[in-house]
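Take a look at this single chain in structure tokens; it is the form predicted alone.
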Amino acid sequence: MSWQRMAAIMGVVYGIVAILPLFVGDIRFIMQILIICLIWAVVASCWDVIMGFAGIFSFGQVAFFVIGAYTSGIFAVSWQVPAVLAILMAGLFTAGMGVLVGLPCLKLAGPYVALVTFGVHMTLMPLLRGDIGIALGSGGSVGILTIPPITLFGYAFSSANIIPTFYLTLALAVTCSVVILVVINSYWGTAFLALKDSEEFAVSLGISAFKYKLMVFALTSFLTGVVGAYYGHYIGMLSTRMLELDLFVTLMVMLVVGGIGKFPGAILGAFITVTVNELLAPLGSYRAVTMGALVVILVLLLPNGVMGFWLRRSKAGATST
């Protein structure tokens, strides 16, 4: 798909979202759902870049999200760093952690990379709850409960000021999405796809697997860390419950629904998944079962997600004319 079409789809989606507060701005519950959709749209898009475009089966995206959130929370609460600076520092720290995780994965095949990155995910909870985490300021099993909101020019962006906070979140999501769009349509994106399709052939053409694999780990970890840090300041508290499998599975569903490697399908997948998940809330304990059944049906009917289905219909329509 051309970058123009990707940009057009992004523009339509974010344009529609931008005007929704005119109609539902006084309904706090819906506005909170929209903010969460925007946050997860970025996280899902980053995972799509590393797995769908670079072909690296990383299962550490939720871990990087939590690392960014906790890092910014610790900076802001324990060291009184301003929220904006804490978010940037958290992004840089998460990018460094992404590179450290990526280094041992360079010589591993797909399933082993998945195991290593998922191992990072699994070890993060006991680390944050243990003595080391408590010493760093993670709050242990209690978590961090008093994270200050983002303050710009004397104005606090928090859940108490939902409309301005929504537009700040939208600006962050659009910025991150544009960065992803530029990257995947640049030489970097071409290199990612080449290494995914045939690493040996790509290396023979002079593409450094070492360089570009670390770059994709650093980029996606940075953006995920920044969004995770923003989430922490928006919610105002953090808990290691974010590392439970529910969130991991939900994020995977977003990718499947949107279409892996079909950017900006991950953005659509995030909005669809979060919305459906909230609509199924009255089902209580049956929500997860129902959600799982819907995903199975969707995979069978639309194996390439909603974006893949739309692209196929577009090509069919163009061919028939």
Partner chain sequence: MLKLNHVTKKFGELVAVNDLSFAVEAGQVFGIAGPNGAGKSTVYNLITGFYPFEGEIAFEGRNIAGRQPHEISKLGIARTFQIPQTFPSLTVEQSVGVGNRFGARGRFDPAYVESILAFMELTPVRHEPTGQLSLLDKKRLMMGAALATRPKILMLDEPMAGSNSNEIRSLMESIRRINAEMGITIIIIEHFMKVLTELTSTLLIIETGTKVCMGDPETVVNDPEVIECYLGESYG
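Numbering follows the first chain given and starts at 1. Since the structure is predicted, the reported quantities are computational estimates derived from the model, not experimental observations.
Omitted here: the form predicted in complex with the partner chain. The next part is about that form.
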### Query
From the list Leu193, Leu136, Ile163, Val84, which entry has a heavy atom within 4.5 Å of the partner chain in the model of the complex?
Leu193
### Message
Phe75 versus the partner chain, in the model of the complex: is there a non-hydrogen atom within 4.5 Å?
### Response
no
### Query
Hey, in the model of the complex, is Ser204 touching the partner chain, heavy atoms inside 4.5 Å?
yes
#### Entry: 4.5 Å heavy atom contact, Tyr212 to the partner chain in the model of the complex
yes
### Message
Quick check on Trp79: any heavy atom within 4.5 Å of the partner chain in the model of the complex?
### Response
no
### Query
Out of the stretches listed (85-93, 226-234, 182-190, 163-171), which one is close to the partner chain in the model of the complex, meaning heavy atoms within 4.5 Å?
182-190
